[in-house]
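As a starting point, one isolated chain is supplied in structure tokens, in the form predicted on its own.
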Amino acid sequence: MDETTKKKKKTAECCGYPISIFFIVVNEFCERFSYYGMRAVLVLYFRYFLLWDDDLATSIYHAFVALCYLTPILGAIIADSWLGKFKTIIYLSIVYAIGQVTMAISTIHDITDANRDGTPDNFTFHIALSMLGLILIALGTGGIKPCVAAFGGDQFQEHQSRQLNTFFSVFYLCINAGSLLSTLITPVLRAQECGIHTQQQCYPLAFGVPAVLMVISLVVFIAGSGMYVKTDPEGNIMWSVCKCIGFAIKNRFRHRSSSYPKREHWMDWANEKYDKLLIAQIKMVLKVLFLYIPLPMFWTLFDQKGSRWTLQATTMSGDFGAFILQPDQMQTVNPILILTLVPIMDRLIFPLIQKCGLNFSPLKRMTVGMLFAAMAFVSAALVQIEIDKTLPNFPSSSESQLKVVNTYSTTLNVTISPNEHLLIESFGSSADYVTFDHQDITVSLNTNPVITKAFSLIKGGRQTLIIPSDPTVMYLKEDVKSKPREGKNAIRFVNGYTADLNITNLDSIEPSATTNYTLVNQGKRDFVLRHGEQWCEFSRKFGFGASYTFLIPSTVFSDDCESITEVEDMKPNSVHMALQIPQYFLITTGEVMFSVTGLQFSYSQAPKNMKSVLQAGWLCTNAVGNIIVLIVAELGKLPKQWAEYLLFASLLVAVSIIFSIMAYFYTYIDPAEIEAQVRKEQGLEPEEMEKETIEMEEKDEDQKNEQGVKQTKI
């Protein structure tokens, strides 16, 4: 029984479509939701759960993304040479699901939080588990990437070409829908509070839901097993290409003497062993791969949406009035713009340019796309400069900063050696922090008698001098010296009441004492102060990224908490997240021109049987781009983030100039015509068969081009 007969026997239809493709479409939606949902909150997990700094969090994030774009090559080799697409998807999806579950478990802080302070006691355990999970996820998502779409295409019979095109449209719609929904939902889940013993950011839920979706994806795919058309492995073309290239290089090296005549192309040195048609096909592929050399720099900028730009959003305000946007939710702007810009560009902008008589060739589009990405990073740099203007003037490593808070009953003159003089009202504070270039200070109060006390400040730190109702016991309290994480607000209370107080969600506080900082989310927050039968409620609406010290007077209960005084240690974020929209618009416009056009160009310039080789090369450019970010983040260490953005923009402009020169000298080809000519020279097939082959390949190119428009989120 031949393959066609077997396919007809096994394929059940519904409305003209194989029933099996419904399982594949649902599987793809769940898998993409799982991947993009996990990835949306990943850099914040590194930064605020594992407490890595911005550079390390960015580096590991991009190392993971790079691995995700390298493993598809492995998946393609396994599927084509060994297991076949079906088994490869099953086995690697199991690995994928285990990785997602492992990742979700690694985010449960209570596993190692023995002292129940909300912070893991054994970070090594969580880091090891999360790294294992990410490696498994990269193997899974990358391994099945080249298989699922092709496996879906295998389900259709020859008479279902119209349904096949519709399938790819729906398939890539599911990719973008899964990306959009997960990027909206998982940041909301992360922002919740959960925990067995202590309530913390709910990373277990944010990673757990994608893990559940991946398990559902696997179950759905297995459920359709009996309906699938399963083709046997056909041999991997990439391996054949590598062997042919290797033989050509080795043969050329063996005959490097001038006594051997030169050949027109270095691949012609493989003529002794390999078919001329294969060599001609490889020449066409190498011509395109040569153009790929500058392309990683685009991905270097593009994939920083999920790392640097998300971290930038944590220092901004997400209050849009009707709703509050989480920093990691800003990434949803990209898929929304993709769904909007692709049809606009395809149906309006590009045809309009063509009608104007301009030769806007694919390579020119890609060059313009790279310039748009560079402009996006210039925009990001301008936003960062605005953010930096609003940031506090933090001390350098050799400086110390001090603020003075007075909870004494009268106004005080405070003298800090050698020449700082401050007048501070009762239940007030100094206007701002005073910066010292030395650690040891002496503080004098104009009380009767004068009180003098020596202190040693922390280098590179911020502290507050608390003057209680008994000034003789004034003391230093360490302050936060960076913006509170994730746009939260750091608050603490100073007890000027005459007895112990209990404050909602805070520890009991003794007279004249100060609580440690507690992080609270944006919005209105209520605090109940209680002593015995006496109580009152204190309410305050918070913005993003501020720090406050609240002074409780002795009259707190008699005036129903209204006399509580607020001291602003750090101003809230004032630069709005909406300012990131232009940079997202520019980078997405660049993506449409570069990524979509690049896929169309690659498929049009490659022989039918070599398209998988070019897909592998395209994915490798993405992987290399992420590795570049990793290197710059770890070795660059630029003092200002805006300077790093401008560095990346400058590098991409330089690369786009190089690419435009390479594109100028590139000659567009018709692969089908070249193949037909080689076949004719070798007498491999008659004229009629040759014509039919060209028509089939052109039809395949049209289908691939249509797929390319929607393939940007793969």
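Just so it is clear, the model here is predicted, and its values are computed rather than measured. Start at 1 with the first residue shown and count on from there.
The next section is about a form of this same protein that is not shown, the form predicted in complex with a small molecule.
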| message | Can you pick out, from Phe544, Tyr228, Tyr172, Phe221, the residue that has a heavy atom within 4.5 Å of the small molecule in the predicted bound form? | response | Tyr172
| the small molecule isn't shown here, but in the predicted bound form which of Thr565, Asn176, Gln605, Gln163 has a heavy atom within 4.5 Å of it? | Asn176
| 85-93, 188-196, 590-598, 483-491: which one contacts the small molecule in the predicted bound form at 4.5 Å, heavy atom to heavy atom? | 590-598
| message | Each of Arg47, Phe207 and Gln304 within 4.5 Å of the small molecule in the predicted bound form, by any heavy atom, yes or no? | response | no
| task | May I ask you to state whether Arg32 is within 4.5 Å of the small molecule in the predicted bound form, using heavy atom distances? | result | yes
| query | Should Asn622 be classed as touching the small molecule in the predicted bound form when contacts are defined as heavy atoms within 4.5 Å? | reply | yes
| field | Non-hydrogen atom contact Asn334 with the small molecule in the predicted bound form at 4.5 angstroms | value | yes
| said: My question is simply whether His126 lines the interface with the small molecule in the predicted bound form - judged by any non-hydrogen atom within 4.5 Å. | reply: no
